[in-house]
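What follows is a single chain, given as structure tokens, in the form predicted alone.
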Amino acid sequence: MQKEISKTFESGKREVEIYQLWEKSGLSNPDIMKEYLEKEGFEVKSPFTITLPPPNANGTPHLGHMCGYAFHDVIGRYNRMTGHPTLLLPGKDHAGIQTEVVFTKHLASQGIDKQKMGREEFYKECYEFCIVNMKEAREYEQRIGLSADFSREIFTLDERLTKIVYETFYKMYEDGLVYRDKRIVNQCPNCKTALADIDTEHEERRGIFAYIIYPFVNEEGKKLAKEKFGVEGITIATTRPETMLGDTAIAVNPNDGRYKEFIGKKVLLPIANREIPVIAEEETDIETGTGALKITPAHSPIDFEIGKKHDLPIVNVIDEDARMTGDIPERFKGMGTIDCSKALVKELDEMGLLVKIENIKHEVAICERCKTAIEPIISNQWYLNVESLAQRALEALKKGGISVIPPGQQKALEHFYENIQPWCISRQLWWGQRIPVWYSGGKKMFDWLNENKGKSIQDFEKEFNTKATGSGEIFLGEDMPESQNGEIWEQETDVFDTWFSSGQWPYTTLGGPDGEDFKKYYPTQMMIHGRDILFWWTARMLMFGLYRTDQVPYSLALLTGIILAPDGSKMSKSKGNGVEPSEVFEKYGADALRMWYYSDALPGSNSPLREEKIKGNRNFVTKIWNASRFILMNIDDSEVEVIVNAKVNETERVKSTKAHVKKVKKYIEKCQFNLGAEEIRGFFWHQVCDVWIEEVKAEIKDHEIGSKVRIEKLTELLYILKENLKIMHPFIPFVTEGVWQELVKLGLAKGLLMSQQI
């Protein structure tokens, strides 16, 4: 019978067909895999679980996501092939701020105003928008060969997951970890929400240093200042003149001889015409600027702490949209901060109070998402005191309960825990999990009573000339509590920071501490994600996991680098230098892409996309197919049954193959995927193809079909091929499964390569 084996491996067509085979088998479901192992008589080892990093549900996953999943898949397939019921648990992230921004722009492009749409309808349509994107993302994940259990796929806004997130919040509130406070927050004027410190970046931008004279109030101070400084006041230097309208003091170092005798005196705040004191503060740097520091507690985290220490008033002059507000001259109200800065400098110059302006470059805090300059403002927010949680995580790290690859990142994580600050967990968004809190009498009254300890509801009524409509207490729960005596309950409008829910990912996706999957598959064994979210994600997963389950959620965190554009820059849609995964799949196939990534992407290292290397790996895929086809075409139909039942002799070639398999297994177990990839490529190409196949060709050349020599040599060669296919499969699953299915058709193998044991 003439064998029909395709001359080429058509990746575009065959990869889809092969994935459908895996999907139909159900072996990505660990429960089914366990049944298979038991049925086949294999040893059933402990379950192996990775909860996969969920890509944002607001768009198509990029090449970095896809390549990252190649790491998850090589580990998952290897564990499945070594007797572990394996769960790669997929999901998608609602990505609060980013998705709200993306969907708002999407609506605007259709002429739809988000505000007119209303919160409920916005949420509903945004949810549907994400569901469509999730389907596309799933197709991409399958194209890379990700052997995840998609029957368990979950969304961060799934009701089952949200229920567990809320339970965590309730517990933290009862334990005194969650609280509401009025503090300086990082406000993004573009995203219109508060951000945690970790959600900001720093970037060098152009700015100014303005030197401004603050005149003394009384004549004695003016005279003394004139003698010492040549002007009738203290000169301060600031990069943000607009914040001066909210100044409540000038701080000088008590050891600074220039200013000692001015401590306790008052200056007149220019333009605002408010008297503010000169205070002694040891933290003031004598060498910076003029050595005199303007203190604006409402718009600087450092000044906020100094203000609390000296009991200074807080004067808020900038709102959430970065516009001037509050008790300031009417002409500045509503101005943007930059315009206000220019107007103030002009007026100060006309008043003779502007000494000079220096053009500088300085570090500016910006929003991690949209790159807008952050505006520090005073605001009431929900906070989580993470100090005790961080301490437990730090102890687990130092005791070896979890390790991080590369090791240098573990030191960085330890440093993060040692210097951790309270985490602002509330966001002023519509998209996300609404914080389950209700205010009796309204949020305004609760916050006022919280700020003014010791004051009563009657004091609130008097302050605002209004009648209170509740007790000022709060209720935790999704549904509004019953009203008593006409009280009015106001629902919290803020949502949780996205990381509050995704930080609980390993156990919420498994049904929480009471879930059936949790009992079988928690704690998980590994977490693999990009190095850039170590502090955002791994740090929080460790803290939450220990808090809710008393166990570390995984024992190993492997941090990958970032896929860069070919020129070494970060891929960006706005730059137009991004690469669509579908283009690579169609051109070279998923196996070639995966092999490139294993070889180039060392843990923690960024990797520029190298198309010529992907092309080279496509040649390797072709080599596997051609070599396998040659072996199969040389086995006569009449020899199949004999070869299948023949004993494999322990030849040097067989011994070398076993040693090779053992070597690659060690590389995988140590997460040295680059060494594993180099080993399988070098061994198969240069040993199996270049040497052994040629040797066997010569050894059987003059022997008849069915002869003892042919049976012996072809049995040995088939064994070598099968063992190589098995150990290559975790790395390049499609072509290896494709060859295996050709073996199955010829009666030389059974089942799926995916389920074979090595």
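It should be emphasised that the depicted structure is a prediction, and the values quoted were computed from it without experimental measurement. Numbers follow the displayed sequence, beginning with 1.
Below: the form predicted together with the RNA, not depicted.
Not one of I212, T248 and E261 comes within 4.5 Å of the RNA in the predicted bound form, counting any heavy atom. Heavy atoms within 4.5 Å of the RNA in the predicted bound form belong, among the stretches 480-488, 312-320, 671-679, 90-98, to residues of 671-679.
Taking the partner from the other structure, the RNA in the predicted bound form has a heavy atom within 4.5 Å of a heavy atom of T288.
In the predicted bound form, no heavy atom of K135 sits within 4.5 Å of the RNA.
The RNA in the predicted bound form is not approached by V654, whose heavy atoms all lie more than 4.5 angstroms from it.
Contact check for E43: no non-hydrogen atom falls within 4.5 Å of the RNA in the predicted bound form. Only one of L37, L718, C689, I700 lies close to the RNA in the predicted bound form, with a heavy atom inside 4.5 Å, and it is C689. Contact with the RNA in the predicted bound form, judged by any heavy atom within 4.5 Å, is made by just one of R548, R152, K114, R618: R618. Of all the residues from 505-531, the single one having a non-hydrogen atom no more than 4.5 Å from the RNA in the predicted bound form is R531.
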